[in-house]
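There is one chain below, alone, in structure tokens, taken in the form predicted on its own.
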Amino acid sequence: MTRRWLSRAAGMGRPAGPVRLVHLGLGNFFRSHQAWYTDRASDAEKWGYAAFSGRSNGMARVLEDQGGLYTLAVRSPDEDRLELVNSISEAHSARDHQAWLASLSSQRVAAVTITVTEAGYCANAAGGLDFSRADVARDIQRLRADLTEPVVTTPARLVAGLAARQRADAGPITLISCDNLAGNAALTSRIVGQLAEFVDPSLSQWITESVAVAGTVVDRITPRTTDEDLDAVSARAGYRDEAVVVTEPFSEWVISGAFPAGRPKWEDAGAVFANDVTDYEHRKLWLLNGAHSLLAYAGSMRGHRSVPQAIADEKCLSWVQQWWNEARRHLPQSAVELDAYSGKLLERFSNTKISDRLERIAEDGSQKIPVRVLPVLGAERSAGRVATGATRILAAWICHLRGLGAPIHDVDAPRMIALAQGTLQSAVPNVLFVLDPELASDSEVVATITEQCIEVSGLAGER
């Protein structure tokens, strides 16, 4: 029987550290990754987080009640390990804009980490800020009228916070993008700079002089928490925790950038600091995330619901390995290193204790597919190869947009669903044109994807 509720006020965990970090995107991944690394740093007691939700406010309320404490359930095939994470000192909802401005205004705050998913950056196809979005336009109007007005998009929240920091003369700060985006530092710098220039050119100049932007590669499989997970932790830990996070033993954090106001000793918790994260980024985006997309779309059409189920399907496994063989040709690591990395991925995918749902991974494919698949496909075409591993991922995604497999949850769903309708002969080039007009005019690629749509969906009569 559960004896008590998890709460820092009840003397559980260590005392809250001073707020010297801010986080945007209070989801499970942040709590299994950046917050965990901070909690495991050798100077953890000096670094507390003020963590803000991105959209949903429920978790902020739960963590506020628990004093920021939560349990990380680390599940390996052989054992489960429970870890109490102490690094969140304050939890705030997205609506608490004044707390956001106050946190960024503090001279003690040295860095802002960001996990808002690919869609949260409000980027257009060219990698700049999408000024055509209604929510972006509304936020711009508010900021131009009053820089303290509540805003809702990630770029606007960052600009508003940095404007507050400039007014307070609080000194330099580092933004750390921790989302699965190629060149996430460059993208963050670009969208913040573009919005700031549009709102207030003097603010844009201050940002250029005072704000560093660090790039990262992050990796830790972290599925959604279920009621069964909450009950299992309660039974074992002897307390009730409504903010449990379930994750795998493996984790990776590669960071490149400057920290003029300081940072925790994340390297003591296993983080790697590098001059350039590009090679790590490509390996992870292509081998792990690309395979995840393939399993999410093709696996769900074959009746699977989780990654372990899909990778146990010999057909899905063969498709993943074909994709890996193509992607590996364009990675700089040695064959030995890539063999070890791929082998570890298979172990991780097969971990039935981490039953990551294909439905979750399938979300926002319009944002994920371009960075996970198109670079390899382009490189293969330049070498004169069709790259049937890469095209199969595109075929599976197009079938997904046509209503097969996992439910569609995409930031650009209405447009992409409309493009994917009709005959395959029209749907395939229509969808490809949005990704890359050259692909849509590549008759060999279009023909291959059309045939693979039939292959992965099993609808032999569809054309």
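Position 1 is the first residue in the sequence shown; the rest follow in order. What you see is a predicted model; the values in this text were computed from it and never measured.
Not on display, but discussed next: the form predicted in complex with ligand CS2.
> Is Asn180 part of the interface with ligand CS2 in the model of the complex - any heavy atom within 4.5 Å?
Yes, contact at 4.5 Å.
> Quick one: does Val192 come within 4.5 Å of ligand CS2 in the model of the complex, counting heavy atoms only?
Contact check for Val192: no, nothing within 4.5 Å of ligand CS2 in the model of the complex.
> Any of the heavy atoms of Asp219 lying within 4.5 Å of ligand CS2 in the model of the complex?
Judged by the heavy-atom cut-off of 4.5 Å, Asp219 is in contact with ligand CS2 in the model of the complex.
> Classify Glu380 as contacting or not contacting ligand CS2 in the model of the complex by the rule of any non-hydrogen atom within 4.5 angstroms, answering yes or no.
Taking the distances in the model of the complex, the answer for Glu380 is no, it never comes within 4.5 Å of ligand CS2.
> Sort through Arg360, Arg142, Arg240, Arg328 and report the residue having a heavy atom within 4.5 Å of ligand CS2 in the model of the complex.
By the 4.5 Å criterion, the partner-contacting residue is Arg360.
> Among Leu187, Val376, Leu288, Val74, which has at least one heavy atom within 4.5 Å of ligand CS2 in the model of the complex?
Among Leu187, Val376, Leu288, Val74, a heavy atom within 4.5 Å of ligand CS2 in the model of the complex occurs only for Leu288.
> Report the stretch among 147-155, 128-136, 264-272, 219-227 that approaches ligand CS2 in the model of the complex to within 4.5 Å, counting heavy atoms only.
Selected range: 219-227.
> For a quick check, can you give me the residues of 364-403 that have a heavy atom within 4.5 Å of ligand CS2 in the model of the complex?
Going through 364-403 in order - heavy atoms within 4.5 Å of ligand CS2 in the model of the complex - the hits are Lys368, Arg372.
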